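Taking the form predicted alone, here's one chain by itself in structure tokens.
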Amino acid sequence: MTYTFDEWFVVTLARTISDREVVFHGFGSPCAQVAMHVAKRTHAPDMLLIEGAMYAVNPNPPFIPPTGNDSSLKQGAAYSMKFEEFFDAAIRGDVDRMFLSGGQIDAYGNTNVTAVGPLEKPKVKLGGGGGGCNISATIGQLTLWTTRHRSGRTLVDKCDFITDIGHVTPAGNRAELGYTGGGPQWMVTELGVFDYDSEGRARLIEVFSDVDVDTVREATGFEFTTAADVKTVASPTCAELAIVRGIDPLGVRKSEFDPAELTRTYDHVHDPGCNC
């Protein structure tokens, strides 16, 4: 049996979720969306899943549709939150984890989804953060992700504009600014996995099996430290792969990747713990 990188990537994202967490993803986030449903159906059955644009609580959709605004994403939901109810919960600290990405991400986990280049005359105008700036300050932990690390333009020394808050900004760190949320805990890219050190800077802890540390350094616009023993990202189990394929048969997750990344395939090693 073989599997593809996009499958391994969303499984790795899913593993950043702990059971019993309240977890949310924002608009236009297919990889995070699939990852949350994978976690709910595998190692985190008691997580409380809040579905993106629909604000549906613990829905059970038959599959992930091509758009996050599809009413099928409310199927089986215990409740559909109002927009303001979710933001009130996030500000109170009642949301444990949110997934965030960005056109630019710096060493401290600040993200930019506003504009690339000078704000008064940007090279590229991005979609904007909605309420991400507010709630990134108060949500318990953040999982960052990007599928464009290899481009050399995404992980940057300094964001042209800070949309969503990391650990340290030019105005100060979270404690100095009075932010109650824990900030970025993990960052998953198509090259590897980072955590954050005591200073709030990204630290490389794992790489995918077809990537080495030098490749990560060459693609990263900021200096980072590494764990004492940089490990290979744990392969997906056959049970996890079955859930990915079952919940995302249309391959909505694939839309986030450069086509070259979708050619990365791997041989699955049978794990005795699953019913392959």
Partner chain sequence: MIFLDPDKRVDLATAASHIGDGALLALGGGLSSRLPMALVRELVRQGRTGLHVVGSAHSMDVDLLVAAGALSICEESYVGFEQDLGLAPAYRRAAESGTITLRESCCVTILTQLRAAEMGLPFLPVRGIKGTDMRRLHPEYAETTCPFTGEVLVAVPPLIPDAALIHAPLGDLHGNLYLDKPYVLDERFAGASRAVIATVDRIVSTDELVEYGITIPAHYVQAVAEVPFGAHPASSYPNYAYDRDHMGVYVKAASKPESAAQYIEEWVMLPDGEDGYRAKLGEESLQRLTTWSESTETWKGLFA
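All values reported here derive from a predicted model rather than from experimental measurement. Positions refer to the first chain, counted from 1.
Note that the form predicted together with the partner chain isn't included here; everything after this is about it.
Remark: all three candidate residues (P62, F83 and I165) come within 4.5 Å of the partner chain in the predicted bound form, counting heavy atoms only. Comment: 27-35 is the region of 204-212, 232-240, 42-50, 27-35 lying near the partner chain in the predicted bound form, near meaning a non-hydrogen atom within 4.5 Å. Shown alone here, Q75 lies within 4.5 Å of the partner chain in the predicted bound form, counting heavy atoms only. Among heavy atoms of G152, none comes within 4.5 Å of the partner chain in the predicted bound form. Using a 4.5 angstroms limit between non-hydrogen atoms, A227 is distant from the partner chain in the predicted bound form.
Within 4.5 Å of some heavy atom of the partner chain in the predicted bound form lies at least one heavy atom of P249. Heavy atoms closer than or equal to 4.5 Å to the partner chain in the predicted bound form belong, across 193-229, to no residue whatsoever.
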